[in-house]
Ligand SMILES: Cc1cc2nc3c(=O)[nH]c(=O)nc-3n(C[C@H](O)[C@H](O)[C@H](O)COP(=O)(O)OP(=O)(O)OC[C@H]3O[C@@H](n4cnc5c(N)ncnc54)[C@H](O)[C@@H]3O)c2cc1C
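A single chain comes next, written as structure tokens; it is the form predicted on its own.
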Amino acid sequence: MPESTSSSLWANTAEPEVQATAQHGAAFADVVIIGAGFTGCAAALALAQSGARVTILEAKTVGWGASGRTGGQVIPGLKYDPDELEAMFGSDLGPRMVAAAGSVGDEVFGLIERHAISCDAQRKGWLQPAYSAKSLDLGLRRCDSWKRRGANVRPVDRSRMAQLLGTDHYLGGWEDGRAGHVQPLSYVRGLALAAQRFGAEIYVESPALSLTKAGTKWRVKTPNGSVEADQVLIATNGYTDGLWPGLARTVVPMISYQAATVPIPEALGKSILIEGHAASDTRRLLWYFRRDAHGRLIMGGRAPYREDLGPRDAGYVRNAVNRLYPQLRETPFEFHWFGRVAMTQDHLPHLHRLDDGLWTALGYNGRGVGMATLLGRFLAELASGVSPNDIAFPVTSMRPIFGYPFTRLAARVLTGYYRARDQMEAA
């Protein structure tokens, strides 16, 4: 991934960077966390509040990876509907898992309120508009599944969806009032600052070079020192490397590409997302979009897995903007950026016990703002001695994907297949 994020809307509009230095010398902690994104910073905040000595080691700067590059949408739930999750995980864990996944809006916006995090937080709901009759049926069933559990959701007919979005491209869909959006880089920096206020130590430009165990203690080596701790949390998600053998092979990194227009004049944009919703549609290669605090339209979608993406690769999102909002055809993009999305084979986030005192959470499948924040807290609870059986999410052993060297090729093939299916079903 490029070292610079200067073309990112978030990097250009975020709250100031967290003040931190590189790690030097021998240090000691109760828990060392590798990675200063949503997962690591949420875990650090929860642990520091409980009185633990916490150290975060970040290879770049706070939020440099996926957390500072995401679309910022806070969406409750997972890929599977509540009925499906309960069937998959049983009558005990299933309902607790559904309740936890449905609570991520409360988790994120609760932290923002309690710690006075300045991040353009807007809890005005999320829309899932349907591009085809088949996906509309699936969306309405999902809405009903949540509604039966008391969630603040409702179906949206075609005319109302057109009014809310400002486009008649979709057939209808549903609305989740628990959701919202944030400036993601400001949010993760706010989590880090809150953790610092409770005593957490954060070191930047301090990659973890090795992870070894001597007796009951873990030792993490950095370029200029080391940290020894009782517990280690690996919170690197789509940027997971070979630090722990096999872990990187449990997720498939995909690229999400986003672009933001210049601020849209009021007369031109007055009908677009009139109530401040975030939206992501039902395409297999979905379009996700919203407005920012300055009136820009932000559009995101999948992109080729390359390390050198730039403005020339904005064709997919440019086409999406033009199809949804023809009045913006002449409105230029001001920013473009991209980052890795960690996908899992089962389309669920993973919470793993890797060894005694070694835990990880990763694979958020495009819902990282909410799920990473929640699973960061779950990691903190596990590191504090809470039994895995008391966590409202399955805690499993790591299972690298069989045939992993071919997964990226398979992903490229599937991308082409999904694009063709989307076109066929929308015809």
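Remember, it's a predicted structure, so these values are computed and weren't measured experimentally. Note that residue numbering follows the sequence shown and begins at 1.
Quick note: we don't show the form predicted together with the ligand, though the next part is all about it.
Using a 4.5 Å cutoff between non-hydrogen atoms, Ala29 does not count as a contact of the ligand in the model of the complex. Interface membership of Trp359, defined by any non-hydrogen atom within 4.5 Å of the ligand in the model of the complex, is ruled out. Although the partner is absent here, Gly72 is a contact residue: one of its heavy atoms lies within 4.5 angstroms of the ligand in the model of the complex. In the model of the complex, the ligand lies farther than 4.5 Å from every heavy atom of Gln128. Here the chain stands by itself, but in the model of the complex one stretch of 149 to 157, 325 to 333, 93 to 101, 232 to 240, 232 to 240, has heavy atoms within 4.5 Å of the ligand.
Across the proposed site, Thr39, Ala208 and Val341 without exception bring a heavy atom within 4.5 Å of the ligand in the model of the complex. For the candidate set Tyr170, Trp174, Phe109, Tyr288, a heavy atom within 4.5 Å of the ligand in the model of the complex is found for exactly one residue, namely Tyr288. Contacts of stretch 346 to 370 with the ligand in the model of the complex, defined by any heavy atom lying within 4.5 Å, are made by Tyr364, Gly366, Arg367, Gly368, Val369, Gly370, listed in sequence order.
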